[in-house]
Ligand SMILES: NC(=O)c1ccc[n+]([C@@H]2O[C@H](COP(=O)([O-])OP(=O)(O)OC[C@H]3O[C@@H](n4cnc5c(N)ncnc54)[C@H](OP(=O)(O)O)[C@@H]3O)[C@@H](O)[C@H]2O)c1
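Presented below, as structure tokens, is a lone chain in the form predicted alone.
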């Protein structure tokens, strides 16, 4: 079993969904958590209240604000002294079909989604990796999506942000490997979170479930188990890899 006792983990977007499930899993395995949120402090407090162990903290930052990201990382370092694992999970999803969206709304969606999902992850990784180098190593895990490969025509900026996150993670894996920092990308399919609420309420939900031969979509816990596996000792040779967590609903060769 993985053991994260004595390790300090920062998870962005940890107030709900996949981020909360990851926080619960790391805490169950002995880790000390920094739970990031943007504006919903109540949801972050709910996550904190469910974590095993003690010494966990909540930290706020707007992921589109590079200065706020730097302050968040410094706040975690001031509290913990080090960050052993970073999980870049924060992200937003908005539909903006190209033939049905006005130009102003189109530009706004691209700026907002890329700034949050991709640039936010890049800035957090930059700030954290500097400290990981000084500390002798660490793990960085990107939460991507199968939409980076399968596409999402009603939300192309979201798909592009996740494809960019794949490239970001792989390039960081190359740049940081000499410093004992390992970078992984986890690409879930549809996951039963708030982000999938509209799908779950639609008649198409049954078809979405049947995309996987398992007959279901992933749970946040499915993703969290994979994240914890990658963050644990022994997965180092997977650095730079994109790990699909989609129940064979979309296969790549």
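Bear in mind that the values here come from a model prediction, so they are computed numbers and not experimental data. Numbering follows the first chain given and starts at 1.
Heads up, the form predicted in complex with this ligand isn't pictured, but that's what we're talking about next.
Checked against this ligand in the predicted complex, the residues 219, 39, 202, 46 give one hit for a heavy atom within 4.5 Å, which is 39. Taking a 4.5 Å heavy atom cutoff to this ligand in the predicted complex, the contact residue among 157, 168, 90, 132 is 90. The putative spot formed by 31, 52 and 225 is not touched by this ligand in the predicted complex; no residue has a non-hydrogen atom within 4.5 angstroms of it. Among residues of the shown chain, residue 61 is one whose heavy atoms approach this ligand to within 4.5 Å in the predicted complex. Contact between residue 17 and this ligand in the predicted complex is found at the 4.5 Å heavy atom cutoff. Mapping the unseen interface onto this chain, residue 143 counts among the residues with a heavy atom inside 4.5 Å of this ligand in the predicted complex. Among residues of the shown chain, residue 57 is not one whose heavy atoms approach this ligand to within 4.5 Å in the predicted complex.
The chain is drawn here without this ligand; in the predicted complex, the stretch among 175-183, 94-102, 158-166, 75-83 whose residues come within 4.5 Å of it by any heavy atom is 158-166.
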